[in-house]
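Form predicted on its own, single chain, as structure tokens, below.
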């Protein structure tokens, strides 16, 4: 274990107190070298009930919502305190997830901005608006009630913080459940938050698996759920919420298209492919899944990509020169291998570099598949693997790209800007980036939307803040 960080002990945070969780047999290891970091933590039913009681009591008392704009002051204090621990949090995220330190530093650097942005939403959009010529009509934006925030394992701190900060800004007492596989940054975040003056039950941390998440989501005291994760888990959460017709926000996967137009620059295309398949080690919802290239360029693109992979430094995530680290766990590495094996059985051909990977850890070099029909290419691998498809004519290309149940993100490379915009407008996806692949949104104020099975609802600084609130209109009846 790296001695530059004090490793947090996993504990639930319930009613403003840290309490011992349940301990499970499965070890949590550093995916770069297999060193044990701790044991997986869960929560008893008694702990879940205690957290639910505290959240409900906080909501009913109004101890948090009634602060009004004062909630922004607390969020700003959290932002200031978090900013003092960015290097520590980034290292924790790297050691636990396997994401290279350069990327975790960039993502963890967003945490203070996330809490400040949530505070700004509260100040820009007050709890009560006045309508009418005499402003006699009040429109109250009130929290639905206690909120459940379910965060994934691939980027736990930024995604969990976005949900938590938005719920708190909206006035909703929030329970955060991070993934059982990457819980350590959330733990440290709550150790920081615990000193920032939140009333009892306003923010709570529960450790556990999907079982604990489902139990919380199904409880009638939880009034709203925000989930980021895989399709199957998201569908299960959605079904639970639909039984009670409670609002649910689902940000799920995406088998995202990457389109190379005939006039695209090859080197720039390869840069984009590498970025799309090495960011978060290929384990992100907006990663590249399907690649559409002119048929005559297909072999050239594959060869150029593999040559670039040969030059990548795939090493321990703490290596400052690393371009890519390991996959998050042995379990996920096995999943990627099994999914590729299934696609090969359907006719896929693997295109791999001959590079030697580190012996220790769960490393996997980016690779491409070809030879699959669009019908067979319907699986989000959630790893550094994408399927290449050739096309002969730009006309009708959008129909081929749209031939999928997913609709999260797309990437288009070319020189003719008008053609790129025209193609982008025809795609059924939440966002399309032109001549670039990045983790961050095109604008801090842009919504993060999803089409098809890639999600339900929109995320964003305003969108997620407002998601946790409902409207209540009050006014005199005109005589």
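No experiment lies behind these values; they were computed from the predicted model shown. Residue numbers count along the first chain shown, from 1.
If you look for the form predicted in complex with a small molecule, you will not find it shown, but the lines that follow are about it.
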property	result
Output flag, 319, 366 and 385 jointly within 4.5 Å of the small molecule in the predicted bound form, heavy atom basis	no
Stretch from 194 to 202, 70 to 78, 357 to 365, 279 to 287 whose residues place a heavy atom within 4.5 Å of the small molecule in the predicted bound form	279 to 287
Heavy atom of residue 187 within 4.5 Å of the small molecule in the predicted bound form	no
Close approach of residue 230 to the small molecule in the predicted bound form, 4.5 Å, heavy atom	yes
Touches the small molecule in the predicted bound form: residue 181 (any heavy atom, 4.5 Å)	yes
The small molecule contact at residue 380 in the predicted bound form, heavy atom, 4.5 Å	yes
Residue among 146, 257, 160, 213 with a heavy atom within 4.5 Å of the small molecule in the predicted bound form	213
